[in-house]
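One chain comes next, on its own, written as structure tokens: the form predicted on its own.
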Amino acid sequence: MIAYHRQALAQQMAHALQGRLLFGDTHNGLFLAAPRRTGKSTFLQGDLTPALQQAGIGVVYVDLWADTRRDPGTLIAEALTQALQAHLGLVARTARKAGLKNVKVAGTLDIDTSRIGQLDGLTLVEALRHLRDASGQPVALIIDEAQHALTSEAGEAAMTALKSARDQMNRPGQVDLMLVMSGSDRDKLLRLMVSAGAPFYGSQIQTLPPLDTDFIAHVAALVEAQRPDLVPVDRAALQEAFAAFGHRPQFFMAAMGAVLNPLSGHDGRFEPELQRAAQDQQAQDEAQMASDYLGLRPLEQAVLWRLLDQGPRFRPYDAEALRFYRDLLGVPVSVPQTQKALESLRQRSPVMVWKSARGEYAVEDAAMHRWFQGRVEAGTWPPGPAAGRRSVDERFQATEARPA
């Protein structure tokens, strides 16, 4: 994978996070949404983190998808604990050897060395304060895939604690705690701020700009430098292919490597081959989603259809939803049957439905929403069953339907 940095964008964000804009609310939290695999995490770690560090800010980064089997609240606490240990490690080890339980840092900060590294020791607010004082720097906490925090009570509590820490540590003219939260699904991330009870109620989501013409120009220049026989590279064709790949650099660069490989057997210009590869990938992605959908049981299809159509307004058990399932399947559907279908969608591999700790539902992969909307607009929804399949209502009645 080539290195491509967006330093100007990172500098702008770092400037805003420090509260240096006349107008704007970024110093109270930066919430970034970007589709999966479009370079969001790479930007956060490779561009924004160095920009913040150059400004004299200590950065703690945690990816809540690094291990989805673990509670997101625990992952956040551990990231802060490790950062604190990095600053207090020598002090704590020296204190323990001397038999001391408490040490003072910078003459004022009193740390219980026996509690360092224990999740039930410092609260998140205390850990952030101690980290600021021990490092002598403002702290920026970057939480990647922050919407995953909403899947557990501990994760929700961590979000509330971070909001409290922000309110306590920041004051007019001085920002000591900067929060950056990213998400690959805008609708899920929005749940952190959309209701009066949400921890960051009133904040706004910003869309991370996709890689643009500068990225394409960078790639084209690399090709021209290594392959003079291909000068000039058709940048418009590359831009079109990149868009067809969903602005996903990993897939785009993999296809570039394949078509430029001397062993590929391609003669002449590579741009048409790249565009065909992009179209093939797009068709493959859509075919996979159609296959996943058609592989579901009839009621699961109906519930997923309702979820795709309703988005954040989805209420699985209300009268309108039950009527929708009944009209689609031709038989009454009960709440327990719907619950069973939702649980099945959550247990599938890959997971198809996401659930928050408050019982809110969303499609796991936001790309399904785009696929659904595209089919609706094209008049090709729902996907047609394969030849020889029985109709939806026939299969439902044969396998699981019971009168409500």
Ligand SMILES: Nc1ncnc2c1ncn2[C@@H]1O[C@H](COP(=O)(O)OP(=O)(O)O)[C@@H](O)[C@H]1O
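All residue numbers refer to positions in the sequence shown, first residue = 1. Since this is a predicted model, take the numbers as computed values, not measurements.
Keep in mind the form predicted in complex with the named molecule is missing from the figure; the text below concerns it.
Heavy atoms of Q250 reach within 4.5 Å of the named molecule in the predicted complex, making it an interface residue. The closest non-hydrogen atom of R36 lies within 4.5 Å of the named molecule in the predicted complex. Using a 4.5 angstroms threshold between heavy atoms, F215 counts as touching the named molecule in the predicted complex. For the chain shown alone, H369 is not a contact residue for the named molecule in the predicted complex, no non-hydrogen atom being within 4.5 angstroms. Figure note: of the listed segments 52-60, 337-345, 28-36, 361-369, the one touching the named molecule in the predicted complex, with heavy atoms no more than 4.5 Å away, is 28-36. Residue in contact with the named molecule in the predicted complex (any heavy atom within 4.5 Å), chosen from A161, V175, L211, L296: L211. Residues of 39-55 lying near the named molecule in the predicted complex, listed in sequence order, are G39, K40, S41, T42, the criterion being any heavy atom within 4.5 Å.
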